[in-house]
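Shown next are two forms of a single protein chain, provided one at a time as structure tokens under the names structure 1 and structure 2.
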Structure 1
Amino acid sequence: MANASHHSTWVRICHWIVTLAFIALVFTGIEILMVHPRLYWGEVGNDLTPALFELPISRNYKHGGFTEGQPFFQTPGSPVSAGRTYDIFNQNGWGRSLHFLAGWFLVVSGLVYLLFGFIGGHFRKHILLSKKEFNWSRMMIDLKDHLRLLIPRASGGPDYGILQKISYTIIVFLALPLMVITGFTMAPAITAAFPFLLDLFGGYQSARTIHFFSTIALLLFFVIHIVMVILSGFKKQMLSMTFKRSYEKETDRNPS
């Protein structure tokens, strides 16, 4: 018999829109970062100010190709200007445009997911831990099973284990919102209307750095998620998250 528990149609649609949007955001985000592979903390940062760290991802990494710095004012601590002495990598235009477009696809589908998730009880039934699951021993058992790659076979529905629920809760209610809000904070048009965002994150550059680390966390989750899908039964997982009828036929032929 087919499993009675299935992913709802709206869950599957939102899942794939968010997934494709996230892939586009990662691709364009890397391209944007290649133009200026330096991260800072605070309000401002540029090639002539100290960075928290640099990423060796383009020829712009620690290039040092500047003429002698010239201060704007004859006062201590004056901003300094200098010209570049080499051909900088710069493909910002199309990257930023596509990044912004993909971001709105993620935001809109994410809001739909949150709305239906709360109204329909999806989070309460499938994502958030129940009282009896707040058990340290059970959490440790689930963690050890995952570390030993003892992954339960695909059920065709949102029958998540404790570790999965914790991971999805962090992603849905913390990592994704943090990435989106810090992304908004880097948009001048948005901070002009909501200037408190800059205060919230300690400045534009701080928001950019937090945005980077939240994206890394999501990318790590994405890779682990793909591995878990493969280990638990790739074909059944893909069928259950795409074509429910196909999954039902599959499980009818191969009951577990």
Structure 2
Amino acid sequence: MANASHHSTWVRICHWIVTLAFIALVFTGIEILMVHPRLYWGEVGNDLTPALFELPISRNYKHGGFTEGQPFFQTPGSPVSAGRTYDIFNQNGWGRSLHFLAGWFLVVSGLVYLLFGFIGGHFRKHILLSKKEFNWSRMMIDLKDHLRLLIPRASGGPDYGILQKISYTIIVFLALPLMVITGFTMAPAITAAFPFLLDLFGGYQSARTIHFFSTIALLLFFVIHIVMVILSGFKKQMLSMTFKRSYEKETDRNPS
């Protein structure tokens, strides 16, 4: 694409707000997970019920500091109550509040991005695959090029390749919305208003586990995205995503 294209102002603003919010969300998300590094499925999950898996990421991992369980009922296998004697790691005071503050930035700039993307045709023109690109052999060619690290130099604008479009589509329309909605499903005031969220994900703890795996997916994207930015011309990519001008002169090195 030889035409001098560049990223719209709103794309650049939203991109960097979402980036900073994402970094803050991952950082605080890890802190929050460290407080209770056990993941479950369904509505219920705590130290007295079995976990899907546990992560050795804080001193709270398998701490086992509980008094002997007292059954609630006289029936065999009754649920129990036990008092926690262990002084757990817990920095959720700032962790949670910063997580939600960053969440506000993500949600508001994400909504602005979605609104402008639909209205201005950005998604149709630049993000979603065109009919021509919806073609198996073209996708395979792009995949092979990526595997051989044949990465075209950046144009400095939204002239995206097929795999690039697919990954942005997944991030914008699936991973980030899923992240936000599973986050909402852990908010008691929000699920009181919208109880279908709990049914949608199969319960609070299922939503929490999906929230965790979506983070892994987003982190994977984050790393690949940065690698691709470096391979396609780091300086130009950073400049064109930050400042409003096109960098035609530097595109001359573009192999044709």
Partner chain sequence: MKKKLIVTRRKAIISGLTAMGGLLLPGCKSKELPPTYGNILRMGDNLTYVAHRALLPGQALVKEYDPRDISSFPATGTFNPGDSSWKYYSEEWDKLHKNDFADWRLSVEGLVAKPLQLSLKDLMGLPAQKQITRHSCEEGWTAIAEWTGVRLGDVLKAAGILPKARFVNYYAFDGFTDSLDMLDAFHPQTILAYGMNGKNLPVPHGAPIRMRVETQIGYKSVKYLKRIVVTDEFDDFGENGAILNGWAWYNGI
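Only the largest set of C-alpha atoms that superpose within 1.5 Å between the two forms is called the rigid core. Just so it is clear, the model here is predicted, and its values are computed rather than measured. Every residue number counts along structure 1's sequence, beginning with 1.
Of structures 1 and 2, select the one representing the form predicted alone. Looking at both copies of the chain, structure 1 is the one that matches the description.
Core-aligned, is the CA shift for residue 120 between structure 1 and structure 2 2 angstroms or more? The answer is no, as the C-alpha of residue 120 shifts between structure 1 and structure 2 by less than 2 Å after core alignment.
Threshold 2 Å Cα movement between structure 1 and structure 2 at residue 46, rigid core reference: No.
With the core lined up, does the C-alpha of residue 97 move 2 Å or more between structure 1 and structure 2? No: residue 97 shifts by under 2 Å between structure 1 and structure 2.
So with the rigid core superposed, the C-alpha of residue 72 shifts by how many Å between structure 1 and structure 2? The shift comes out to 2.7 Å.
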